[in-house]
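Only one chain is shown below, in structure tokens, and it's the form predicted on its own.
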Amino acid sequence: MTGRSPLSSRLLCGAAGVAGLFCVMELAGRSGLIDPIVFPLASTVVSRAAALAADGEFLADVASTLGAWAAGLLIAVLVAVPTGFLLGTLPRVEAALRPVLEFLRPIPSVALIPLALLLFSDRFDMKVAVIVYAAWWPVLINTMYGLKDVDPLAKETLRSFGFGRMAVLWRVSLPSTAPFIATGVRLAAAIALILAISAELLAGGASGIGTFIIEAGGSPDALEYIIAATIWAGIIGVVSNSLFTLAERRLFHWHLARTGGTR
């Protein structure tokens, strides 16, 4: 008899948790414990969410949000990884820039949205800018952390055979750091989605999930649509995280085996 894999077990537990929460909320509403006027029934919200899946206007808003999310995340990775390697391999450069990084890192990314509004007239560019800033940090930090985990013996072995710094970086440091970079990208993806929707909520715009939520606030069934759109935002986040996790497991199974991880 074969047992379930850890991933299957987590999926089953997650599904059971969601189903349990749905039942509790539905019973609370129908029993009068929660006033349906204050908070709609769970079945009503799920029905609205299902209807949104076939709503062309909402799907266009989702595509707009995902477009900014993907662009910002890609730029953040392309900038953060080389910067992480630069700081991780040149201690003097890292020491010189550390005060600046430590000053910038605690600044909430959402707090920069008003500044981004002043700097970028185009709403899409503004969203991408704040996403890049927010998503840059986990990729940068994980890249630098991964470089510290590289086996020094492997680097010295290549140097003893006459390989230069760039060759050692390409053949040893990059492969060893790749799993840490992948983890940083996965974390950055969630942060990027949060910033994309937050920017739409705070700054508005022509389209986006956040814009849909703002406009839904003026409809007769405002709360139902707002919660339904929020549920879809959560589903997108879960799917994104699951895909990145699956990619990590497939590409870097050797790293998980070495560390004993079971993501």
Partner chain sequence: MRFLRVAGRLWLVPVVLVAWEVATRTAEDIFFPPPTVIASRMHELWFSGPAQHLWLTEGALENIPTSLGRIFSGWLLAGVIGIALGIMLGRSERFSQFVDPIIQFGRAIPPPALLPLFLALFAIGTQMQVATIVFGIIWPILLNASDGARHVDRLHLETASAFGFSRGQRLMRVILPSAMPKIFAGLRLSLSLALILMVISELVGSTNGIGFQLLDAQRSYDYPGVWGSIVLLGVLGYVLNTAFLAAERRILSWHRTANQTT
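Take the two forms, superpose them, and find the largest set of C-alpha atoms that agree within 1.5 Å; that set is the rigid core. Keep in mind that this is a model prediction, so the values were computed, not measured. Residue numbers count along the first chain shown, from 1.
One more form of this protein exists, namely the form predicted together with the partner chain; it is left out here, but the text below deals with it.
With the partner omitted here, the residue from A71, V79, L97, L86 that has a non-hydrogen atom within 4.5 angstroms of the partner chain in the model of the complex is L97.
When you look in the model of the complex, the only residue of V46, L27, V238, A60 with a non-hydrogen atom within 4.5 Å of the partner chain is V238. In plain terms, the part of the chain that comes close to the partner chain in the model of the complex, with a heavy atom within 4.5 Å, is 189-197 out of 189-197, 139-147, 71-79, 124-132. In the model of the complex, the partner chain stays beyond 4.5 Å of every heavy atom belonging to C23.
Not displayed here, the partner chain is approached by L223 to within 4.5 Å at the level of heavy atoms in the model of the complex.
Although the partner is absent here, T183 is not a contact residue: none of its heavy atoms lies within 4.5 angstroms of the partner chain in the model of the complex. The closest non-hydrogen atom of P91 lies beyond 4.5 Å of the partner chain in the model of the complex.
Contacts of stretch 110-127 with the partner chain in the model of the complex, defined by any heavy atom lying within 4.5 Å, are made by V110, A111, L112, P114, L115, L117, L118, L119, listed in sequence order. Taking 2 Å as the criterion, V18 counts as shifted between this form and the one not shown: its C-alpha moves by at least this amount when the rigid core is aligned.
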